[in-house]
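A single chain, nothing else alongside it, follows as structure tokens in the form predicted alone.
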Amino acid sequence: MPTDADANASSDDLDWRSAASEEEVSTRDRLAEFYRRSVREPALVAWSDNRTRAGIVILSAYVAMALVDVFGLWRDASPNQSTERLLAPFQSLKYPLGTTQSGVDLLALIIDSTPFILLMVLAGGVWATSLAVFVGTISGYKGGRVDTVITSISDFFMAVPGLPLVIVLAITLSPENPLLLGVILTINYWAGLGRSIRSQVLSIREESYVEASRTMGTGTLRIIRKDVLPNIMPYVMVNFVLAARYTIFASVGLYFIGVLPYSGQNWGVTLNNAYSQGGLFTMQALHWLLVPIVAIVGLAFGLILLSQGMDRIFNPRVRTRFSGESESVEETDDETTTGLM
């Protein structure tokens, strides 16, 4: 008959460590796993959707134009480049998008403006989204006095009229750096987005897996990083694209009315020049007005299409299907997480 001493001895002999834990994972394996999880799967998910594919192609074209300007592969825009004034598009290989009243190559104007616009859009989107995620997650997860203070600050910035604030800051600071300008244009955009993220976090923090992490003594930052952020990333990325699109429209509008200072080419300035010299009223100069509008709409449309892909990339069910971990998951085009919005 086994005694208590025998049971204790048997328990001491047991090795509770799993066999897998004894296997050493090499750096190469970790890099391969990182590549599979962070690069290959997102790329496959994004490329599997026609809308996302179109968005990537459109945005790649803008990045290519920016590189053309950076490396000086196309002529700079300057007056009297062409002797033909108001040349219509597709009439000359030398000036494929036509010329302005002063003989400036319109394609050169668009290309010269692209690096500035892309940097400004990136800065505006990163600023607004990062700050909103920070205040939204901390406020929603911590609750109590922290939530009250952060929410009050967010309410204050939401109450401040955005356009007058941006105009005052633009006149005061006269920003010509695209990164600073992007931040100014979205100076209080984060407040509304932060409140929306807070609402998402309020529901996520009551989930059983978050409660289990708290019970095990996991720290707040680790819970937010491991359990909260992955669940709100589709919403965050979609709103990043929306913030970027807002930056485009705001900058073009303010350049058009002459509020923002400028030292180089800009789509809003081109629009202003075209309008002031009759682009809206004469067919001969209409292309001068349409070319920057097409450039603005094309960039915004590309961002919208890309946001569809961001939603799918961070959708765990879609990621699981592409990783082959579960063949039982069926995906449909309607299966998106935009419902969070």
Partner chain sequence: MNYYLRRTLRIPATILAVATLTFGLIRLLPGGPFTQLRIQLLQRGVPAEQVNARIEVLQNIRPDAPLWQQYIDYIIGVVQLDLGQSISLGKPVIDVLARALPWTVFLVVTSTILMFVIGVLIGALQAYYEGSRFDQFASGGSIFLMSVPYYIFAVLGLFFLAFQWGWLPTGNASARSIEAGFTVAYLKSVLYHGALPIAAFTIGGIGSTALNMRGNSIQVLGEEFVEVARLRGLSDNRIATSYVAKNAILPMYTGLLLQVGFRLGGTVVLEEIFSYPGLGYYLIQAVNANDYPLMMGCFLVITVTLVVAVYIADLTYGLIDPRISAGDSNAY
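Positions refer to the first chain, counted from 1. Nothing here was measured: the structure is a model prediction, and the numbers come from that model.
Beyond what is shown, the protein has a form predicted together with the partner chain; the following relates to that form.
Proximity to the partner chain in the model of the complex, taken as a non-hydrogen atom within 4.5 angstroms, holds for one residue of V149, M216, L73, L163, which is L163. When the partner chain is considered in the model of the complex, only one residue from L44, L290, A32, V68 comes within 4.5 Å through any heavy atom, namely L290. The partner chain is not shown here, and in the model of the complex it never comes within 4.5 Å of any heavy atom of F116.
Taking the partner from the other structure, the partner chain in the model of the complex has no heavy atom within 4.5 Å of any heavy atom of Y95. In the model of the complex, Q308 approaches the partner chain with a heavy atom inside 4.5 Å. Mapping the unseen interface onto this chain, G192 counts among the residues with a heavy atom inside 4.5 Å of the partner chain in the model of the complex. Not one of Y62, F90 and N177 comes within 4.5 Å of the partner chain in the model of the complex, counting any heavy atom. Residues placing heavy atoms within 4.5 Å of the partner chain in the model of the complex fall in a single listed stretch, namely 242-250, out of 207-215, 242-250, 118-126, 220-228. Applying a 4.5 Å heavy atom cutoff to the partner chain in the model of the complex picks out no residue from 122-147.
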